[in-house]
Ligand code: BES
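One chain comes next, on its own, written out as structure tokens in the form predicted on its own.
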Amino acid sequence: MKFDSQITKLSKIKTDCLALPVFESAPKDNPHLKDFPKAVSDQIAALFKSDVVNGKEGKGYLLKVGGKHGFEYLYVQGVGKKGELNHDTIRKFGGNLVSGLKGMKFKNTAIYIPKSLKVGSDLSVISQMAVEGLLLGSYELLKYKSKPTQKSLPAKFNFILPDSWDKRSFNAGLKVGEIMAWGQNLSRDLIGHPSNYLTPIEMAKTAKSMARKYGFKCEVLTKAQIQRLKMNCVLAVNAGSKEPPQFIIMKYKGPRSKENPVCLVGKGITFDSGGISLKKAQDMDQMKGDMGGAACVLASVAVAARLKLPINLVGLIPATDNLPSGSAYKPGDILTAMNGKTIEVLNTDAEGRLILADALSYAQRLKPEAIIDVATLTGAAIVALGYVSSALFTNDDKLRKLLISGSEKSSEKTWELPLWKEYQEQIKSSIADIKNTGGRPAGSCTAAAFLNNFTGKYPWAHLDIAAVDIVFSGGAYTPKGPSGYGVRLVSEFLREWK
């Protein structure tokens, strides 16, 4: 799918289909309908009058108008109430539009952008949101179909801009939107792969492939190297598996390469059975996606490299599965993490925080400007926030501000929960330094408190994405299945980092 823009008169447009955004309450809020030939605007007015077209968000209608106008078809797409217009409205417009055009066999489509669709002063944001919606809304995972059939989509979208708009500024956002959506779709692919395909070794191969293609470095530590580093938590979680663990280190250096890095850490459990503390069989298939944090980190590093961000960035992924066997670690075991902290294991299904303990300890060696970890960590996050938002924990005001800003720009919701000292008391062990679960009360908070033992004095934030890694009921640009949550949020954060 390719994207371009031009400033031209409607009479000079030549395209298979012209897409037209319309607000509710026509014609008052849709003065741009007057830009069209009278015969066409009368047809649209008649459709409004009969309520076939109503401008409500998500409602689209394909109208055949004949080729004499330069376009055979007009696709009228509702964007909701004009007073509620925001950047995510435009992203949803793109997602709803591409869904409506699936299977129409148009080679190219033009999108008429009226002046009234402007939000804020930065035109590049408008184009970015539109392209994100188009690409995210068209996502499908077809790799595992024996006879994959994808409904045809336009190969090109050409945005028709108001003559007062700066085309250069608008075009700048087209590429950003394409890369952002590409990153999220990459994350969706990784999460969607079954665990017999996406093993820790295959994840490492993907990271190396991305590094070669997009110009960053990737090193993968073997089991022997992990042992030498005394990453005993990673080794314990991996003990029940025939697949060796992988510790993936991705390094991207932009123009400010002399600065200490921002460190991203992603939980990479490629399948989580719960180990000896075995999960219930129902919905266990979803545990192939327990590496959603790792997928986010891998894709975010690749996005930063493609955008050529002026940042020093390191992505760390401890990758393993968590399986029961005669060699698996057990409830009651005591582990010594890389930083020397001892951990009493009460539940082997609280394994994500264990592998993150070693990864966060490793991150401290890099003397980072900041550490952000992303993990499908706790079911308690779902209880607290539903399937709507991730949980944010942080010890730093700058990280809080920038991550919330990134959340608002990406429309990937997050909500801050506390790191009160009482939660540290809840995870104290009588026979070790700490235990790997504090029980049911405040489960997300005690998990974050556990991680805080491995971050040193560095600025740190934790995103618990367990509630938002899967989409159960599809939206405009969020089809059912793996969400790829966090890539755009983290990438927007990295774009703002200074």
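None of these values were measured; they are calculated from a predicted model. Quick note: we count residues from 1 along the sequence shown, nothing fancier.
This protein has a second form, the form predicted in complex with the named molecule, left out of what is shown; the following refers to that one.
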| query | finding |
| --- | --- |
| Residue (of Thr89, Thr378, Ser361, Thr414) lying close to the named molecule in the predicted complex, criterion heavy atoms within 4.5 Å | Thr378 |
| Among the candidates Glu351, Asp373, Asp321, Glu132, the residue which, in the predicted complex, approaches the named molecule to within 4.5 Å (heavy atoms) | Glu351 |
| Close approach of Gln424 to the named molecule in the predicted complex, 4.5 Å, heavy atom | no |
| Exercise: Ser116 in contact with the named molecule in the predicted complex, heavy atom 4.5 Å | no |
| Touches the named molecule in the predicted complex: Arg188 (any heavy atom, 4.5 Å) | no |
| Leu385, heavy atom within 4.5 angstroms of the named molecule in the predicted complex | no |
| The named molecule in the predicted complex reached by all of Lys14, His32 and Thr109, non-hydrogen atom within 4.5 Å | no |
| One stretch from 265 to 273, 119 to 127, 393 to 401, 296 to 304 that, in the predicted complex, holds residues within 4.5 Å of the named molecule by heavy atom | 265 to 273 |
| Members of 431 to 456 lying within 4.5 angstroms of the named molecule, judged by heavy atom, in the predicted complex | Thr437 |
